[in-house]
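Here we start with a single chain on its own, the form predicted on its own, put down as structure tokens.
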Amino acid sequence: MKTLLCGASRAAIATASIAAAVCAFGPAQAAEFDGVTIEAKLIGGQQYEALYARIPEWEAATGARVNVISIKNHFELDKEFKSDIAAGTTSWCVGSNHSSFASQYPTLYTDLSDLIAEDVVAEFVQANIKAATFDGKLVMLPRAQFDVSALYYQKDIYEDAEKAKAFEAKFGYPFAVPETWTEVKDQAIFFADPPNFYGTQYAGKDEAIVGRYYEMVVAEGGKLFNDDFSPAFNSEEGKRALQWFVDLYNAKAVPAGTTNYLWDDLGNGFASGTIALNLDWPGWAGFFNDPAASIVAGNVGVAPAPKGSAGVRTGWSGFHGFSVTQDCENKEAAASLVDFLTNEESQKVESAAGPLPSRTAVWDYVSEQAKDDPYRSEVLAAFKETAATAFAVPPTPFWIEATNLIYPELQAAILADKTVDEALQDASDAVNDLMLEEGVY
């Protein structure tokens, strides 16, 4: 039967892509969900949209329809999910999820182990599957959006002999693509010509700046939390890490609005040609080198993330995925959609633009495809080296709540409303109170 459907009967199917989708599911599932509507809440943004263009293929193959009822960044989705949980309005079916957020929703999502075949789950990088499993429940399937950041830079800056001479005369060491965060700061200040050009930039609010601060603390030899999840960042290492952000802001080496920036602001900023150095995610690699979207296309270099004073590379990491709500009326159809959006073909589509896959076979495919593409090879090499020492967020369900307490204090120091010492003391006290109130220790 499957042979007939995927061979002789293909002529009856409207397009080759739809045929591929049908064959991927097999005959038992084709048109199985006629009349079913799956409501979804998905992350939005340039680097995520290509995958969603495949949804009509799943609809044609299964007879179901997808109604995307919310499309926002994960910070806004997080607030919406928590509001839904509080209001009891969680009957929508498929949600974007992330390893940094997932532990907060113990009652929202169902166990995909009951809905996705074991042999399918085995095709994913098992470290990701482990990180997607909480209290024995597989709460999401990873998409091709494994996140760790590498350093994008404008190549022609490093080809300027006069600039190299002036830099070495000022700082006393050779001018080259930075390998440490001290070198990034020196170069960013040296390059800056506000308001027309800036040395670097950083996300300045929400979990985004706390994640960056966290990895800088680690790179300085410190840690954000102790083993019991009490705050550990009010330390010499934590103060050095925060001072890095403060110094860049004071020197006007970053845009004045950086304390309001999130990921799309950074991506569009670097693509505008006004930023020299940009620590960013793999999902932007294709966009940055696309002449239709980016002024710096053809002039983009990619290097591993720099190291802090402890000789440790920054490497805050995580991954995106899709989950099925516990209150979904048709979990089988929802799981089918999640399966489709994370299958091998979907991961090939996503990874073609730069994101890193979470399926073992697609890693091999991407590496093979990059052999004759110098830029893609450079991207993969930089992210592979950075990923080798990557680290996840601290495994506490109160991660996001803690970041909501920490980030306003980081902003206060950057904007000179508080000293570094005052800001970190206040942040530490607030997080300590949170953990005590939640009975963590």
Partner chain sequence: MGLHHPTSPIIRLKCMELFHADPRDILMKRLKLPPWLVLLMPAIIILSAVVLIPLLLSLYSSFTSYRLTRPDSLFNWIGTFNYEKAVTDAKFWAAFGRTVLLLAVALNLEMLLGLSLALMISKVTRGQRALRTMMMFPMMFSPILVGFQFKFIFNDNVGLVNNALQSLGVTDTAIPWLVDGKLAMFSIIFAEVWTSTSVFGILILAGLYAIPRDPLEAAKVDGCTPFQSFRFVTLPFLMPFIYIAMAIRSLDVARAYDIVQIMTNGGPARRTELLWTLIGRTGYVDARMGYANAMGYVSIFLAIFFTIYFFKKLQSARKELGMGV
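Each form is matched to the other, and the largest set of C-alpha atoms that superpose within 1.5 Å is called the rigid core. These figures come from a predicted structure and were not determined experimentally. Residue numbers count along the first chain shown, from 1.
What comes next is about the form predicted in complex with its partner chain, which does not appear here.
| task | Quick one: from S367, N226, S113, N260, grab the residue that has a heavy atom within 4.5 Å of its partner chain in the model of the complex. | result | Comparing distances to its partner chain in the model of the complex, the residue within 4.5 Å is N260.
Query raised in the report: So which of P291, P195, G172, G311 reaches within 4.5 angstroms of its partner chain in the model of the complex, heavy atom to heavy atom?
Result: That would be P195.
query: Is N404 close enough to touch its partner chain in the model of the complex, meaning at least one heavy atom pair within 4.5 Å?
result: Contact check for N404: yes, within 4.5 Å of its partner chain in the model of the complex.
So in the model of the complex, is its partner chain close enough to D265 to count as touching (4.5 Å, heavy atoms)?
D265: contacts its partner chain in the model of the complex.
### Task
May I ask you to check whether A381 falls inside a 4.5 Å heavy atom distance of its partner chain in the model of the complex?
It does not: once its partner chain is placed as it appears in the model of the complex, A381 has no heavy atom within 4.5 Å of it.
Next item on the list: Report yes if any heavy atom of K155 sits within 4.5 Å of a heavy atom of its partner chain in the model of the complex; otherwise report no.
Entry: Contact with its partner chain, no.
May I ask whether A86, Y249 and F398 all come within 4.5 angstroms of its partner chain in the model of the complex, judged by heavy atoms? Yes, all three are in contact.
Q.
Please pick out the stretch from 326-334, 178-186, 159-167, 198-206 that is in contact with its partner chain in the model of the complex, where contact means heavy atoms within 4.5 Å.
A. Within 4.5 Å of the partner lies stretch 198-206.
_Can you list, in sequence order, the residues from 401-429 that come within 4.5 Å of its partner chain in the model of the complex, counting heavy atoms only?_
Read in sequence order, the residues that approach its partner chain (within 4.5 Å, in the model of the complex) are E401, N404, L405, Y407, P408, E409, Q411, A412, L415, D417.
Problem - Flag for A203, CA shift 2 Å or larger between this form and the one not shown after aligning core - result: Comparing forms between this form and the one not shown, the A203 CA shifts below 2 Å.
Check: With both forms fit on the core, has G298 moved 2 Å or more by CA between this form and the one not shown?
Finding: After core superposition, the displacement of the G298 C-alpha between this form and the one not shown stays below 2 Å, so no.
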